[in-house]
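Same chain, two versions here, written out as structure tokens and called structure 1 and structure 2.
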Structure 1
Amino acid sequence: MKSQFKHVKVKAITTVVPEKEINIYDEAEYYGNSVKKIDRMRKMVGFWKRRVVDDTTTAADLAIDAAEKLFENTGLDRSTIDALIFVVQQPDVMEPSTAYFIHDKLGLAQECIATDINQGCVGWVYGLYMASNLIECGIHKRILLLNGDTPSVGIDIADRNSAPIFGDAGTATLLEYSENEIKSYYCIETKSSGFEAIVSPFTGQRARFSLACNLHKDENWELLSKIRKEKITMPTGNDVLLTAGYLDGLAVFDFTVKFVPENIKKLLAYTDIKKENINAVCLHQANKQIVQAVASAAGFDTTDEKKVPYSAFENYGNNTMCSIPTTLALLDKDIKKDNILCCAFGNGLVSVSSLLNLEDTKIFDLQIFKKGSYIKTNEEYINYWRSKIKGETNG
């Protein structure tokens, strides 16, 4: 799908990252205590640092804090927001939309619509696209797009294909209707045959013995407890949990270096904007190797790290749908922002390229996530629901 919008202005972007940082050099035990091996990966793929949440923080919590900080940064009156879109793939609950929880926590207006969209690494650009449609139709004037993801939660730390790559983050983006023409372009392409290349196979109803099925049958509980600790040896020699998230790195790389550059080329052809007029190529920070391979195959010079940046990956990991906002926050201040190419790709599989005018967008520096006092420990959460079911809790 190719599309262009003429009245959508991205007003402000705020991204938060958790305080806890993991440095790959502190994980030498997984690499036979070989610093040489880690150096090699640092050079080839850009593995270095990443941020991860604690035991109780969810994607929604990151997004809520990002939104609060955006309100604080911009002085926006939150009652004027007329749509909340929360892009998430690890929602607080399977039903209803976690967006309703966020709507309540942020104290948004009764007239403001709220819904989740389930997308992974493409979530920020995909969310912009969906929000832009709502604005361009003329009905919605001000949209709060929230993104949150905590990939560290679902990944086994021993899984060296995935664990050192991913970081957690939350982003709040404010979009508004603009009377003056301001153009943005999108090209979205779906390759759903790659559905299993990045997937969490045991988190939903397809596994009839998962908690997503509100288990009643003993046999399903038994099945769940039987496989709960089952480990499988990967081709890399690492033992990982069967029920953890699955990532086929080579297959994803194959898709990325072939499909994604073509997607970028189609967008550029559609916009009629010449490559040399692109200020910066902000690619989803899958890893350094992938960023450079994609940019190069799409015809961009990757030697200029300011124009084709990957420092977000090195410093914050691949924080999935927040990686482009993270990149934008780290972008060199001298770079013009009227023609920013943003391209994200990931689970689906899907590639989304967009050309954005962010010249008047307030892109705030990254901020450290502040944990909300409402967040419960596991024990508190269980007890809360015990009381609630007994009828002891109001609200």
Structure 2
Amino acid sequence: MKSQFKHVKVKAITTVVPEKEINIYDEAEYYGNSVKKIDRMRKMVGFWKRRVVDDTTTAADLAIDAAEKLFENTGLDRSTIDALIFVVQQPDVMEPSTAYFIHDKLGLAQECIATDINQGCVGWVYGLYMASNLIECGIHKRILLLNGDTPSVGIDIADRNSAPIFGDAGTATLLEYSENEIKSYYCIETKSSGFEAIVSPFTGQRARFSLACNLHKDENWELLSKIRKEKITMPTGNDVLLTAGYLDGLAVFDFTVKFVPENIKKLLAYTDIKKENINAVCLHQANKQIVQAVASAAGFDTTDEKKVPYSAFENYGNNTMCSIPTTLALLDKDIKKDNILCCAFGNGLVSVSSLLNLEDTKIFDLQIFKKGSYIKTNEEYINYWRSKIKGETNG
């Protein structure tokens, strides 16, 4: 799918990261206490630092704080927002949409619609595309796009395939209708045959273990108890829980280095803008190797780190759908932002390329997440719902 929008302005972008930082050199025990090995990994893959949440912060909390900081930084009247889109793959609850919870916490207008979109690493660019459609058709004038993800949650610190990679973040993007022409372009392609390449197979209704089976302790309860403990040895030699997320690394890498560069080339052909006129190539920060491989295959010079940056991964980890906004926040201030190429790719499998004019966009520096007073500890949350179910509290 190729598309062009002419009246959508990206007004402002704010990104927040958790305060807690993990440095790979502090994890030397997992590399045989070999600094040389860590140095080699850092040079090749880009491992260095990442930011992770505590055990009570969710993707929604990060997004809410990013939105509050955007309001504060821009002075925006939040009552003028007529649509809220929250892109997430780890929602607070399975139902209803977490966007309604966010809508309440932000105090948005009753007339403002709210909805979730389930996407992974492509979530920010995909969200821009969906919001742009709503604005371009004339229905909405001002949309708040929120993204949040906490991929570090639930990962075994000893899992060197995943733990050093992922960081957490939240971002808020304000989009508005513009009377003046501001062109943006998108190219979205889906290779759904790779659906199982990145998947959490036991998190939905396909493997149906009802909550009632826990109460009655029937055969489903016995089966659920068994598979929750079952470990499978991967070809790499790593033992993982059967109920953990699954990643086919070879399939994903093959998709990334072959499919994604072609997606970028199709976008450039559609826009008729030459590579030399692209001011920055902001790719999803999967890791340094992948960023450079994709950019090179698409025809860009990867020796220019200002034009093809990967410092977001080095300093904040792969924060999935927030990695491109993180990259934008770190761009060299001297780079012109009228032709910014953004490309995200990931679970689905899907690749979304876009060419954006961010010349007049307020891209704020990265900010540290501030925990909301509404956030409960796990024990407080459990006690809250005990009281709620008993009818002892209304709020």
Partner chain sequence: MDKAVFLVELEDILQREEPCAENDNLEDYEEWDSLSKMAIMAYYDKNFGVKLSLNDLKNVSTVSDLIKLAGNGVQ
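The term rigid core refers to the maximal set of C-alpha atoms that superpose within 1.5 Å between the two forms. For residue numbers, the reference is structure 1: its sequence is counted from 1. What you see is a predicted model; the values in this text were computed from it and never measured.
Matching each structure to its source, the form predicted together with the partner chain turns out to be structure 1.
If you fit the rigid core between the two structures, you'll see the Cα of Ala269 move by less than 2 angstroms.
With the core held fixed between the two structures, Glu72 has its Cα displaced by under 2 Å. Taking 2 Å as the criterion, Arg228 counts as shifted between the two structures: its C-alpha moves by at least this amount when the rigid core is aligned.
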